[in-house]
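First, one chain by itself in structure tokens, the form predicted alone.
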């Protein structure tokens, strides 16, 4: 399929055909493609839980309120946010950046570039993602408000804002996964209706993890898709300025 055909083929499928299995290796490959999705500061604060065992599929479906899409899914993928891994990912990105600078940056620019990356991944990223009962976010907001009196600055820096950033990045990966699955002729349905506490317990996730969305996978039954894809008129959402 062309890209447009892939986008138009992808639908939120709510019932899958149990007589048509899917290839687990292909689903895994689609998740590998999802890991290439753009994300904020390349922090990659996400994890993908690929559920294939019958017992776990049943448990996950129960946590998802036994919706048709999870009850009939051949496999399920749970997209998880891991803001709690920000220090680990910051260190990994700093190491990568320093190695890249050493390899590709001219000598006369290395010192400035190294200083910039150490400030960004060594200080700014740990500072911006730190959480502690809202206090770090309040401090960040005060700094942003003060600096914003003199120049443009990112103002969405409180703890809820950073949580939204992590979820937006994870959602980009989820969308990439769904398009990759569509290109394989497989179907998906992004779900936000679930018991997050129960789901985290099933997956053995720590308190700092979050559930972004649950995506059942399979091959559609005709009755699992609405005949018409309903969208508001494009003219209501498009603005050229």
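Note that this is a predicted model, so its numbers are computed, not measured. Residue numbers count along the first chain shown, from 1.
Not on display, but discussed next: the form predicted together with a small molecule.
In terms of contact with the small molecule in the model of the complex, the residue from 211, 189, 60, 45 that brings a heavy atom within 4.5 Å is 189. Figure note: of the listed segments 203-211, 45-53, 189-197, 27-35, the one touching the small molecule in the model of the complex, with heavy atoms no more than 4.5 Å away, is 189-197. In the model of the complex, the small molecule sits within 4.5 Å of a heavy atom belonging to residue 67. Although the partner is absent here, residue 221 lies well away from the small molecule in the model of the complex, with no heavy atom inside 4.5 Å.
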